[in-house]
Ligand code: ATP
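Below you will find one chain, with nothing else, as structure tokens; this is the form predicted on its own, and questions on how it binds or moves follow later.
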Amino acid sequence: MAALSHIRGLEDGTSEIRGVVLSSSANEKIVDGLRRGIGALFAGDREEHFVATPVISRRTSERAGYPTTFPQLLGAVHGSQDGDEPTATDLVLTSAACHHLYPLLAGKVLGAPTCLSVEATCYRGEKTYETGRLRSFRMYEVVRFGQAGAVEQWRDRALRSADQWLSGLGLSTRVVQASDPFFGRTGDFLARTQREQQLKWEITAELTEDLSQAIASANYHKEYFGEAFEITNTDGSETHSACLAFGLDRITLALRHAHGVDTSDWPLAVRANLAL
């Protein structure tokens, strides 16, 4: 590695395509530490953890409402089995890790609160190329299903726990109310609804000087996915859901900004926390 240190982009994973980066072995050690930390944080809640593919059924994405709500961000998979002109397949690129979980519970009656987690490589057709605004990135999500009030309370507890954990990694975090900035036609109404009902909160941190971005978000979906995937409770009511999503690559960027490029110089407590 030392002999190759003169090559531009070797340390930071710069590639020829904006919004797409390579992850170095040093970064992968950080990401592994983050995975372990998040897993330990929710070990008492979740029943199972999954690792998803970077592609997902087009039908699942449609049931989740993504192509309608965020058409400009969706990535389609095209192919040709017969050597003809490639056409759209029954797959799209994963937009949110949690979308892989809803089909597992589709049509089921949940007799108790259910908590699952999943990691996936996601794609979103971002227009801007500021630091951290990646088109391909890794998302680790924890999703809770159950009765309305209990799910919202879990979301609030999970948000506090995540903020405390990220702060414990030496990040100067802020919890802010948010709305998705990329809604389509119904954007103003949906964003306003999110803010009024406090459905979305973000944990932000600095990625570079004067640039802060969300490194995690907590979202209360209400009955949206329960209705879309016909998931119900034993009393016949539609299941509510909430998720806590961690952007593994953004958290890594925030840690490097806060503590420096060389992880051997990081605070001992942070290194111990991430097993570096």
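For clarity, every value in this text was computed on a predicted model and none was experimentally measured. A residue's number is simply how far along the shown sequence it sits, counting from 1.
Same protein, other form: the form predicted together with the named molecule, not shown, and the subject of what follows.
Trainee: So, a 4.5 angstroms cut-off on heavy atom distances: do all three of Gly33, Gly39 and Glu119 pass it with respect to the named molecule in the predicted complex?
Mentor: Spot residues vs the named molecule: no contact at all.
Trainee: Quick one: which of 23-31, 242-250, 39-47, 52-60 gets within 4.5 Å of the named molecule in the predicted complex, going by heavy atoms?
Mentor: Result for this chain: 242-250.
Trainee: Since only the chain is shown here, I'm wondering whether His99 would be in contact with the named molecule in the predicted complex (any heavy atom pair within 4.5 Å).
Mentor: The answer is no: His99 has no heavy atom within 4.5 Å of the named molecule.
Trainee: Flag Gly132 as yes or no: does it have a non-hydrogen atom within 4.5 angstroms of any non-hydrogen atom of the named molecule in the predicted complex?
Mentor: Result yes; Gly132 sits at the interface with the named molecule in the predicted complex.
Trainee: Should Lys200 be classed as touching the named molecule in the predicted complex when contacts are defined as heavy atoms within 4.5 Å?
Mentor: Yes, Lys200 sits close enough to the named molecule in the predicted complex that at least one of its heavy atoms falls within 4.5 Å.
Trainee: Would you please decide whether Glu126 lies within 4.5 angstroms of the named molecule in the predicted complex, comparing each non-hydrogen atom pair?
Mentor: Contact with the named molecule, yes.
Trainee: Judged by heavy atom distances of 4.5 Å or less, which residues of 212-245 approach the named molecule in the predicted complex?
Mentor: Heavy-atom contacts to the named molecule in the predicted complex: Gln213, Ala214, Ile215, Ala216, Ser217, Asn219, Ala245.
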